[in-house]
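A single chain, nothing else alongside it, follows as structure tokens in the form predicted alone.
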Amino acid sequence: MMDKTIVELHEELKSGKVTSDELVQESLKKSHEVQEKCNAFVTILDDAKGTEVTDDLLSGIPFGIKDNYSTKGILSTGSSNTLKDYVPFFTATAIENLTKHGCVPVNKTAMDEFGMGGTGTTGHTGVQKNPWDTSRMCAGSSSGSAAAVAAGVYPFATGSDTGDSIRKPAAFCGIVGYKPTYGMISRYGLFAFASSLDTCGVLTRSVEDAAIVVDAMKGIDPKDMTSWDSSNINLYKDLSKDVKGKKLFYIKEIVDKNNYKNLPKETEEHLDNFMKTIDKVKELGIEVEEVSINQDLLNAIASTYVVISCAEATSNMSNLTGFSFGPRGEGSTYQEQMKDHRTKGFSSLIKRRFVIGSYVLQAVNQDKYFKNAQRARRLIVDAIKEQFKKYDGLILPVGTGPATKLDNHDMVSDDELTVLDEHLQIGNFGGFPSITIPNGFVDGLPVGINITGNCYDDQNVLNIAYALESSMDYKNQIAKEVK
């Protein structure tokens, strides 16, 4: 049953062909199977029970929660040893909003530690493996959620996106990843990484399911001053394939193969695949044009992201001392205890990010690094918003191709491909709505395509993705292991 969409499952529940308890039990069974294969979870809630089935589409349906969402009475670790035993006393607003609709959490999904990483390899419970090919990564940080949805554990799981942490795992796992406009979903109860970039969202196997879930998650929240009133937006109800006359652009410097000297074969096929899909987009009646963006701005994306995200992370995570929560460190003074807790608790990646963050925030370095990064962010966002005056959205391939081999994940990537690999960070810089959908296969492994639009224009972005998805054959696909 878990290979069905939310609407299909709802119809089965309403007709009595299946009960919510049966769906939950099937999801739990699959959770253990996928855990053995992909190591996708921190916690499996074996005592989960079905709920009453109502006219609400989500009622009775199981789902997964990324482990950086606070869940009252349920272990919430952020995949870090610093919170390995942390059980919160409150639930994140986004999760409360979901469960009010009657859906049933069945597990907490593993992730890169505190969302800092794009590999799914830095969490304290180990590496998450791609269900299409377990020798490859899922990307991150929403790696466990992506693996679980792709493997058919349930139709959706929550994610969070600070740089591309929903959208790239979705591409690597052949599913849909939707990051709404910043503030559409309350961040209250989401473990903060970089507050000006963090966005709650969802991983599903169809655009329709993404619309249904975000409709349930969103809403203004007095506990989050950055949330805004989206009550006049009904993503699912207003989904439409009528996109004739819409206009999209892609960035020449990112997709033109002639801009790269030595393209890997997989990347070349990925870019060819993208251009073939542009022809399909045009067949839908959408205009697509090539736009040139200053190369210096594009080259600044990755470094700007590193400086800003590390600076905000250093500040946000200064509360992880081992005193308020987490295992107490050893030492005869509180300084020694704190140092012991943080030294033993954080992975080497997190420590490096904290060092960078502390360095760029030092008074002597702020102008040169942090404030310049903020200026660069503004220039990048302004350049994209200038295009949104003419176009309904930006369409680009996701990453450099299919999922990376796990034994290559810590290799330094080719600088020439950095912009192709990291451009999704633009969506976080501007708070733009952004959705990744499957775009076929390269060497039998899924690749993705992304559509990003202007702030508050989520409906437009989803409608374009919905129409494009309907013209292809990858909706609601379940991972089939590549031999």
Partner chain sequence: MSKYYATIGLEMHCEGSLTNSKVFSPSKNEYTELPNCNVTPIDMGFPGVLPVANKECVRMSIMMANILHARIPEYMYWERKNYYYPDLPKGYQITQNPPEECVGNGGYIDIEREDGSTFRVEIDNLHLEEDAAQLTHLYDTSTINYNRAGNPLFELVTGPCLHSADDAVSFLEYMRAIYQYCGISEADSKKGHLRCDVNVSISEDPDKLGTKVEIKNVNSFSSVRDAINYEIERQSDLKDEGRYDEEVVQETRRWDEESQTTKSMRSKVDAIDYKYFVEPNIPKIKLDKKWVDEIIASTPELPYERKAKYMNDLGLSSYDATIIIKDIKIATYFEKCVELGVDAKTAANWICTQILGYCYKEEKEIDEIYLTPERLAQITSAIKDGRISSKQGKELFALTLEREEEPEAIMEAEGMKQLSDDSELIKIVTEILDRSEAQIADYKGGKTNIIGYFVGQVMQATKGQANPGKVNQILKEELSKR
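All of these numbers come straight from a predicted model, not from anything done at the bench. Residue numbers count along the first chain shown, from 1.
The discussion below concerns the form predicted together with the partner chain, not included here.
Taking the partner from elsewhere, no residue among V291, Y391 and F441 has a non-hydrogen atom within 4.5 angstroms of the partner chain in the model of the complex. R187 is the sole member of R353, R205, K218, R187 with a non-hydrogen atom lying within 4.5 angstroms of the partner chain in the model of the complex. In plain terms, the part of the chain that comes close to the partner chain in the model of the complex, with a heavy atom within 4.5 Å, is 191 to 199 out of 395 to 403, 263 to 271, 250 to 258, 191 to 199. Though the partner is left out of this view, G73 does not reach within 4.5 Å of the partner chain in the model of the complex, counting heavy atoms only. None of the heavy atoms of S135 is located within 4.5 Å of the partner chain in the model of the complex. The partner chain is not drawn, but in the model of the complex it has a heavy atom within 4.5 Å of P222. Contact annotation for M338: at least one heavy atom lies within 4.5 Å of the partner chain in the model of the complex. Along 339 to 367, residues R342, S358, L361, Q362, A363, Q366 each place a heavy atom within 4.5 Å of the partner chain in the model of the complex.
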